[in-house]
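As a starting point, one isolated chain is supplied in structure tokens, in the form predicted on its own.
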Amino acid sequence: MSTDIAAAITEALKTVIDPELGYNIVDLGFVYRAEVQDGHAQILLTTTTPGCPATDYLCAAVEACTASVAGIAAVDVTMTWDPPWSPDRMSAEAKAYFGVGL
């Protein structure tokens, strides 16, 4: 995946805000992997818990924003809880915002 398209996907994914936490999914550490091959994006995503009520919303939002990136023709979003999400995955900015690890 080119660095340009990777950066564009990351920026697009930062527009997806978890409705319960009110923060973007990239800095929350919900995006485990984003790969593109021949215009086909594959996003591996998690939530804080397997029973998260925002799962469908997040998947749809990730698919829509990734599809809006130039050069993306198709998007597959896969949910996983292996490994389980933990606050350790959060960016330094998100940790500071939520007061994690202070």
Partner chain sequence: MFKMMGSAISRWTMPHFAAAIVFFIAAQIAMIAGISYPSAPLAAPMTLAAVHLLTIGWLTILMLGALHQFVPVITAQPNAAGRSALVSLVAILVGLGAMETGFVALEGRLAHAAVLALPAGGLLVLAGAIAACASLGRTLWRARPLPFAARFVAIGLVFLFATIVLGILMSLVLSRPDLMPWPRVISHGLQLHLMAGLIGWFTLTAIGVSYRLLTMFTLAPEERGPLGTAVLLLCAGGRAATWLSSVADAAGAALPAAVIAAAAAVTGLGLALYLIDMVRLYRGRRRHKLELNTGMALPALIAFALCIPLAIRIAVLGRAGTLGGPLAYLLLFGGLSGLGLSQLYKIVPFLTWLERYGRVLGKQPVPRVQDLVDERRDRPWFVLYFAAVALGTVFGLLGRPLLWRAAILAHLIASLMIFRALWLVRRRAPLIVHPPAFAAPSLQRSNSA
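Residue numbers count along the first chain shown, from 1. A quick note: this is a predicted structure, and the numbers were derived from the prediction, not measured.
The protein also exists as the form predicted in complex with its partner chain; that form is not presented, and the subsequent description refers to it.
Asker: Report whether the minimum heavy atom distance between Y57 and its partner chain in the model of the complex is within 4.5 Å.
Answerer: Yes - in the model of the complex, heavy atoms of Y57 and its partner chain come within 4.5 Å of each other.
Asker: Answer yes if any heavy atom of P50 is within 4.5 Å of a heavy atom of its partner chain in the model of the complex; otherwise answer no.
Answerer: Answer yes; at least one heavy atom of P50 falls within 4.5 Å of its partner chain in the model of the complex.
Asker: For P19, is any heavy atom within 4.5 Å of its partner chain in the model of the complex, or not?
Answerer: Yes.
Asker: Under a 4.5 Å heavy atom criterion, is V75 part of the interface with its partner chain in the model of the complex?
Answerer: Looking in the model of the complex, residue contacts with its partner chain include V75, since a heavy atom lies within 4.5 Å.
Asker: Any chance N24, C65 and P87 all have a heavy atom within 4.5 Å of its partner chain in the model of the complex?
Answerer: Yes: N24, C65 and P87 each sit within 4.5 Å of its partner chain in the model of the complex.
Asker: Between V31, V36, A61, V69, only one gets a heavy atom within 4.5 angstroms of its partner chain in the model of the complex; which residue is that?
Answerer: The residue from V31, V36, A61, V69 that makes the contact is A61.
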